[in-house]
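What follows are structure tokens for two forms of the same protein chain, given separately as structure 1 and structure 2.
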Structure 1
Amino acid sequence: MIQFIDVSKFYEDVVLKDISFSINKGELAFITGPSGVGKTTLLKLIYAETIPDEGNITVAGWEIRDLKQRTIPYLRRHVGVVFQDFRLLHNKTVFDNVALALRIHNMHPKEIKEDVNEVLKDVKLKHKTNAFPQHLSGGEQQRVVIARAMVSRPTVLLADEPTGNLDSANSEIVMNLFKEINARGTTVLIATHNESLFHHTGRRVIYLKDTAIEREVSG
């Protein structure tokens, strides 16, 4: 589902160098490593927010290197992203923020309403439907972002530090959500340095260190 072949990314310094790995369809895997190692960068490469300087990436059958500007939106519609910095729109309600992910698909307003309400129930935010993001706690905002990433039932779900603002009880709720989505067939890739998320899960964990993959183990 996701395949990296000798991928390198340079900003001022080398961030990622000759990274190769692949995530299978239906897998739920983790990427971990110290802050600044390039976890976010790696995810951005997957949904084409940045392009690799070397190597090639394939996502859900799309060759990132060959994508035209025009076709990038269609790749992104297959990839739900829980952004580390949330990217919620502050002039829109929780409902509208989540609905946006479906409106860009030109879905019918009635279906949008149903799907958004259901996903807000899933993330336990039904009562905040008409609230604005800045009136929500960090953890609540986090769950809105997760709801927005899930609502379109993407082929691939990327989550960048999805429990960064959550206590352990809410972290568990969120992790259970990801497991559910995954069970429905979505490939899930979670970037985190919260080791308790993957300990004793038996899932694959990719450790990044100094621009490279240090090891891949079962959590």
Structure 2
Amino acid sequence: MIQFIDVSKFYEDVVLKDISFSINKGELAFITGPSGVGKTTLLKLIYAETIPDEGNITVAGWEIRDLKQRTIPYLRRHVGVVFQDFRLLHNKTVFDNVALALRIHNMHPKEIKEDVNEVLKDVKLKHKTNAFPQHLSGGEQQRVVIARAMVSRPTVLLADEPTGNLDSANSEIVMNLFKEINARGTTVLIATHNESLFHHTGRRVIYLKDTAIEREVSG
């Protein structure tokens, strides 16, 4: 489902060097390591926000280095992304934030309404359909972000420090949502420095250190 082979990414300095790993279809796994170690860059490589300088990446059958700019949106239909800083449009309602991607794909309004209402029900925010993001708690905003990422039914869901701005109670709610999403067959990869999210879960954890993979263990 996701495969890195000897992947390196350079900016002014080395960010990632000779990274090789694979995430199986239907797996829920974690990437961890201290701030600045390259977790966010690794996720950006998966959804083609940036392209590797060396090595090869395959995501859901797509070869990232072979992608043309015009084909990247097709890849992203298969990859949902949950950002730490939410990136919600504050002048749009919860419904419209979630519906945005479907409208870009020119779906029929009836289908959009059905799909958005279904995913908002899944994240337990159906009652907030007409609310604006600034009137929601941090935990509710993150659930809107998850709904937005999942409304297109991607095969892969990426999450970048998804509980970084949340208290422990809301972190637990968000993590339970990821587990439910994974149980339905979606491959989930979570980047976090918060070890409590994966301790004693039995899930695979990939540790980054000094631009490279230090080790892999079960959480």
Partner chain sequence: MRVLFYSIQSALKNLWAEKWINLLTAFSVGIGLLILSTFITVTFNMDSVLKRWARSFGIVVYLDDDISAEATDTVRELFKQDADVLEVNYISEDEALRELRLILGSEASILDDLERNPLPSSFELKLKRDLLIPSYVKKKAEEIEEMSGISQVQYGEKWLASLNTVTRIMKASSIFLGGAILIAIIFITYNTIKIFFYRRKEEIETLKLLGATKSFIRLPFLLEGLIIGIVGGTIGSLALFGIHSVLVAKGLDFIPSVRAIIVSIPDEIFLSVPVAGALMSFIGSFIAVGKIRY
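Between two forms, the rigid core is defined as the largest C-alpha subset superposing within 1.5 Å. Here, residue number means position along structure 1's sequence, counting from 1. Since this is a predicted model, take the numbers as computed values, not measurements.
Self-check item: Form predicted together with its partner chain - which displayed structure it is
Solution: Answer to the question: structure 1 is the form predicted together with its partner chain, whereas structure 2 comes from elsewhere.
Quiz item: Once both forms share the same rigid core frame, by what distance in Å has the CA of Ile104 shifted between structures 1 and 2?
Solution: A shift of 2.5 Å at the C-alpha.
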